[in-house]
Structure formats: structure tokens, C-alpha cells
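Form predicted on its own, single chain, as C-alpha cells, below.
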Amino acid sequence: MHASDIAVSLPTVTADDPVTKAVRLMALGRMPGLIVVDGQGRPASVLPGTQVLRLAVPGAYQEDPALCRTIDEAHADVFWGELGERTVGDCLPRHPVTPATVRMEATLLEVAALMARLRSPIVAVVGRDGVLAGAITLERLLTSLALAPDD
């Protein structure tokens, strides 16, 4: 089996999209992460869900967990909605990491090895032109491997 055989179409975001949109897409789509694409539809970054969460949680709260206890429960439950105009691009690393991508012809072993090496629960599948053709989630990969016939 090849990557193109199990790749699915998932919503993407751009660097100009609001962080709140990224969080909503991931949550409502039950996605393990997001693919950030450039203006030509090429993956610029693949963000695991924990990284998307880092976009939403203000840095001060990440650095000082005791500060989190100073916020009452009502406000603590809606903190991510108060991000204002912050965009995904505002939150991306200054030195972009190579996105987790594979060609459509990649084997499932190649996909699994990449996911394991990069600790990424989602991999972008690209065509020869580098444009996003689909995505493979960890769940989809494991299901495909578990259901593959034994030879």
C-alpha cells in the first residue's frame, strides 16, 4: 500500500488564519493536528495537536503553572477565545521546522517511520509538485496496518 491509498482530505489553515479558527477546526474535526499551507497549497508546517494548543495558551501560563491557579474557573474555560487577532503565523516558530511530508508513492513503513521520528500524529501527502494531496493521521495509519492482510 502507498500513502496515496490511505490519504484523506482534511481542513487546513494558513499563516494568516486566526488561532481561534485553528483550534476550532482541530476540535470540531477531531483532528490530531493541523497542516499549515502556503498560498500555493504546499505544506509549510505540520502542527501536532499539542503545538496547536501551545498557540492558544498564553506563554506566561505555559511558563508559570502557578499563574493558572489565579484565574477563576469561568475564565479558565474560555481563555483560548480571548486571543484577539493573533494569527497562526504569529505563533509559528521563527525558524520553521521541515513539515512532516511524504510523496504519494511512499510506503506505509515510510509514513510510520516519519511519524515516529518527528513525533507527529499527522503527515501531509504531497504530489510531485509539492502541493498537498491529502493527509494521513496516526489513527488512519494504524487502522490500515491492523487491517492489512497477513501474507
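Numbers follow the displayed sequence, beginning with 1. These figures come from a predicted structure and were not determined experimentally.
Absent from the display: the form predicted together with a further copy of the same chain. The rest refers to it.
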Would residue 45 count as a contact of a further copy of the same chain in the predicted complex, using a 4.5 angstroms cut-off between non-hydrogen atoms?
no
Partner contact for residue 86 in the predicted complex: a further copy of the same chain, 4.5 angstroms, heavy atom
no
Does any part of residue 131 reach within 4.5 Å of a further copy of the same chain in the predicted complex? Heavy atoms only, please.
no
Non-hydrogen atom contact residue 30 with a further copy of the same chain in the predicted complex at 4.5 angstroms:
yes
Only one of 92, 37, 108, 104 has a non-hydrogen atom within 4.5 angstroms of a further copy of the same chain in the predicted complex; which is it?
108
Could you run down 39-59 and flag each residue that has a heavy atom within 4.5 Å of a further copy of the same chain in the predicted complex?
48, 49, 50, 51, 53, 54, 57
